[in-house]
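The chain below stands alone, shown as structure tokens; this is the form predicted alone.
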């Protein structure tokens, strides 16, 4: 079960899961975050079309966080959330169920079998918990991309984006999942900002897909530049990620893109790719300067048992090798190269 606010890196997380033979997406919840929830849902449906996916239920999530007004980040992900990509609109229908109902229904239908992955704000899952408090016991495990623990925030000096959009929802989820059989794995900025996609990674993915011409992404390209890749998956993702690389460059981080969400997707499929540390996590809701900060009690001062595992170490290049081979080979299968 995937809950996303698609989003450029969310897009690649979906591609990775669709390309993975060991993954079955049983539902996609569309969360308000990077862009408004209806735009997120439209992006999800459009990606399923591009990827020639079978019928996968896509549900619309809450239009607003639990308490505060919605803040979106089009400056980071583009006006439609997918950078410079121009995905054809989909004729697929949205689910008649809400995203929170989808969470509950999927978990009840497959008790102990479903891994939940959230790469956006936790609003939908928090609403689902209100409807079904047993969700932590019904899900096999939860993986969350969010938070910052020994690391500066990317939205405020102390807060990471997904948590800062809806801190109340994050607190509801972390508190509730203290009762889970397997603690949630949190992929925070401390680790995900080491997952740096660079132009060479995109070129390698395109080569693996058999796409031509050579896929070149450059900081010198104008905003009007569009990929001419023959493979549609490569073409649309390249246009999306170039926007993201430009954003990181403009904020002094280099011409690269942090792939937070695809990494969390890989962890959801194979937790062994990370080293984790058990901790007790809580969320600051009232601090004047620190609202939305994720706080980890590393030494047991609160006297509360751990409620999460924080991912602390991984091999970024091994991750990219996996991602490139998996998505590239799959894209080649979906859109075989035309012999010249």
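Residue numbers count along the first chain shown, from 1. The model shown is predicted, which means the values in this text are computed figures rather than measured ones.
The form predicted together with beta-D-ribofuranose exists for this protein as well; it is not shown, and the discussion that follows is about that form.
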**Request:** Give a yes or no on whether every one of 28, 103 and 141 sits within 4.5 angstroms of beta-D-ribofuranose in the model of the complex by heavy atom.
**Result:** no
**Listed residue that, although beta-D-ribofuranose is not shown, lies within 4.5 Å of it in the model of the complex (heavy atoms), from 125, 257, 205, 145** = 145
**Asked** Would residue 236 show up as a contact with beta-D-ribofuranose in the model of the complex if we use heavy atoms at 4.5 Å?
**Response** no
**Request:** Classify residue 261 as contacting or not contacting beta-D-ribofuranose in the model of the complex by the rule of any non-hydrogen atom within 4.5 angstroms, answering yes or no.
**Result:** yes
**Request:** Could you confirm whether residue 43 comes within 4.5 Å of beta-D-ribofuranose in the model of the complex, counting heavy atoms only?
**Result:** no
**Message:** Under a 4.5 Å heavy atom criterion, is residue 158 part of the interface with beta-D-ribofuranose in the model of the complex?
**Reply:** no
**Request:** Tell me, please, which stretch of 207-215, 227-235, 90-98, 159-167 lies within 4.5 angstroms of beta-D-ribofuranose in the model of the complex when heavy atoms are compared?
**Result:** 159-167
**Contact set, 73-87 vs beta-D-ribofuranose in the model of the complex - heavy atom within 4.5 angstroms** = 77
